[in-house]
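Coming up is one lone chain in structure tokens, specifically the form predicted alone.
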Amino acid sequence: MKVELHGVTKRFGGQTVLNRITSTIEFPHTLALIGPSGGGKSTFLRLLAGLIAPDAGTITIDGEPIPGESPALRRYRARIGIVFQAFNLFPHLSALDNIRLALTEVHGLSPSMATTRAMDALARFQLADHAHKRPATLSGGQRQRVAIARAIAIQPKFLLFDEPTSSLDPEMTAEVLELLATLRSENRTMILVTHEMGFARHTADLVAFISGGSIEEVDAPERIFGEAKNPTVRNFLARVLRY
């Protein structure tokens, strides 16, 4: 996958979150975005998802610009599986209906086809017995697995994860990271924002460090974690890996 950014800037009110980023990031399967909180990682991910638009600059993915207007933008978003840290499941719908909704309303599948595909996704993630439960009755790990099943069920071109383990306890974090590692072993294309440095180090093909609204360094995990060139990157990793 090849992501090209040319002068990308994003502001919220008077705050510049991403500042004139120009970079080409190419990787075979998995890109991990790391860096301090508030550095712009989640904003960058939302730009890639087409959920927000840059105030300046352009982004292309595999040579195709991210559309700026509907209906092309809707078609672009429909090809991406997105998983957020807060699950973003509809609380009034069952696990099955959370998955089935996008398949019928966005992708135009018949109810029977949507049900079959949704149940296949739930079964794959050991959730078939929970298909008719609402999110409030599921554990945090189960809710995140439902969210991942929903993202996979649409058969996306690529997957985006925004700190998918940040609201989970250690046991559930390990459960979700194991699932992500399985997806990586299937050569699925993924971009994830993560604070799990061990996972980024051992699973990603490429790591991008984002801080202060800029991409400070992009390199293979062994070089980022072993011999980062940028002092900001080295100092950050020295702090977070100290204990």
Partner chain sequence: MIAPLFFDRPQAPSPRWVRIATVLVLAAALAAICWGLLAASTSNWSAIWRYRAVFWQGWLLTIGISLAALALSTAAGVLLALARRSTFLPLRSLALLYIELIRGSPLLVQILFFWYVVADHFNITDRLLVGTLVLSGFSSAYLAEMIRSGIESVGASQLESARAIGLSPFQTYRFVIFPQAIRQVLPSLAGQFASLIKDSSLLSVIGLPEFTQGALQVNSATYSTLESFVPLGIGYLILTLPISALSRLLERQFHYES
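Everything numeric here is computed off the predicted structure, so don't read it as measured data. Positions refer to the first chain, counted from 1.
There is also a form predicted together with the partner chain; it is not shown, and the following applies to it.
Note on the interface: of 163 to 171, 82 to 90, 111 to 119, 124 to 132, the segment with non-hydrogen atoms within 4.5 angstroms of the partner chain in the predicted bound form is 82 to 90.
Taking the partner from the other structure, the partner chain in the predicted bound form has no heavy atom within 4.5 Å of any heavy atom of Ile152. Not displayed here, the partner chain is approached by Arg46 to within 4.5 Å at the level of heavy atoms in the predicted bound form.
Ala102 belongs to the set of residues with a heavy atom inside 4.5 Å of the partner chain in the predicted bound form. Interface membership of Leu51, defined by any non-hydrogen atom within 4.5 Å of the partner chain in the predicted bound form, is confirmed.
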